[in-house]
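Let's start with one chain on its own, the form predicted alone, as structure tokens.
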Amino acid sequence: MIRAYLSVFKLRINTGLQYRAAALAGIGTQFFFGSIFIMIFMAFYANSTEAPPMSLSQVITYTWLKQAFLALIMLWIRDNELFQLITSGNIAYEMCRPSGIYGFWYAKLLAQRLSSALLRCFPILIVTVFLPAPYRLELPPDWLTFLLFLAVLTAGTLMVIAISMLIYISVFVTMSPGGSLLIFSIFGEFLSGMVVPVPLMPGWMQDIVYLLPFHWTADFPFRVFTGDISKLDALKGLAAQLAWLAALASFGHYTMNRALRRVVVQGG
């Protein structure tokens, strides 16, 4: 079974790496929006009457990381082929496969995001490191912090895939890909700190955000990179990420199995 998942993962990676022109266009767009976000934060910091909980340098680094790893962490990135399978009834062909649908789709989505991120992240990171202060991306304080960042970013990406799977599973009930995607992406993007870093939110809102899984996908890894979160807290957070990942994957398996038991395919 694992070999089937690895095969589809490799196939999707190779397919995704062929879209270099689309990636180049995406890099230009991400530089544009990154610059806009940074100018907004600079205006906010220049007129702040109190010392913000994150320095301007940390927020700028946070913003460039968000742009570089957008393909890994955004919930609105979707595979329309999966939506088409569900709404058209062609899910019947998927159910004939000898492998489980949850693992098969999980491998496809993971490969899709990784191939897109591999094409886009390195040019953005390399260019932003050499920008003049205060616009440049600041490197992590030491190698251990960088290794912790890679670990928590990996766990965060796996969590994003598990949450994305819930979007596809919900379409079995709603039959509305646009509606499910809109709800998850709007709330997920805000609660993961993709609009405003979580430390800059009001205290009452942070209490809500920390109860949900979304901030572990983006806000937490980026704050580990900037040094806003200590190494000990990063290790504790990694354990929390793995616990959330196990819970989300288990819930996804359970709901997927229930949804597949109720599938009715009509027609020739």
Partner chain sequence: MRLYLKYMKMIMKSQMQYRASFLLLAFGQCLTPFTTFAGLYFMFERFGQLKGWSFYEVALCFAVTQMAFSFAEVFGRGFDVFSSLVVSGDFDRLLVRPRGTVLQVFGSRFEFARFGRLLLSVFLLIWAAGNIEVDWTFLKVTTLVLMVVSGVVIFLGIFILAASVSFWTVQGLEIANIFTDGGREMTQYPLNIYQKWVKRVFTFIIPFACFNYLPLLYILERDGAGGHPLYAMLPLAGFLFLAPCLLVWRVGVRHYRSTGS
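Numbering follows the first chain given and starts at 1. Source: prediction; values computed, not measured.
We do not show the form predicted in complex with its partner chain, though everything after this point is about it.
Engineer: Contact with its partner chain in the predicted complex for F122, defined as at least one heavy atom pair within 4.5 Å: yes or no?
Structural biologist: No - in the predicted complex, heavy atoms of F122 and its partner chain never come within 4.5 Å of each other.
Engineer: Can you check whether I13 is within 4.5 Å of its partner chain in the predicted complex, heavy atom basis?
Structural biologist: No, no contact at 4.5 Å.
Engineer: Any of the heavy atoms of G100 lying within 4.5 Å of its partner chain in the predicted complex?
Structural biologist: Close contact is absent here: in the predicted complex, G100 is far from its partner chain, nothing within 4.5 Å, heavy atoms only.
Engineer: Is A246 close to its partner chain in the predicted complex, meaning a heavy atom pair under 4.5 Å apart or at it?
Structural biologist: No.
Engineer: Would you check whether its partner chain, in the predicted complex, lies within 4.5 angstroms of a non-hydrogen atom from each of T63, G252 and M256?
Structural biologist: No, the whole trio is out of contact, none within 4.5 Å by any heavy atom.
Engineer: Only one of 102 to 110, 184 to 192, 123 to 131, 146 to 154 has heavy atoms within 4.5 Å of its partner chain in the predicted complex; I'd like to know which.
Structural biologist: Heavy-atom contact with the partner occurs in 184 to 192.
Engineer: Could you work out which of L118, L166, I77, V196 is the residue within 4.5 angstroms of its partner chain in the predicted complex, going by heavy atoms?
Structural biologist: It is V196.
Engineer: Between the options L212, I40, L235, L242, which residue brings a heavy atom to within 4.5 Å of its partner chain in the predicted complex?
Structural biologist: Among L212, I40, L235, L242, a heavy atom within 4.5 Å of its partner chain in the predicted complex occurs only for I40.
Engineer: Counting only heavy atoms, which residues in 192 to 210 are within 4.5 Å of its partner chain in the predicted complex?
Structural biologist: Contacting residues: V195, V196, P199, L200, M201, P202, W204, M205, Q206.
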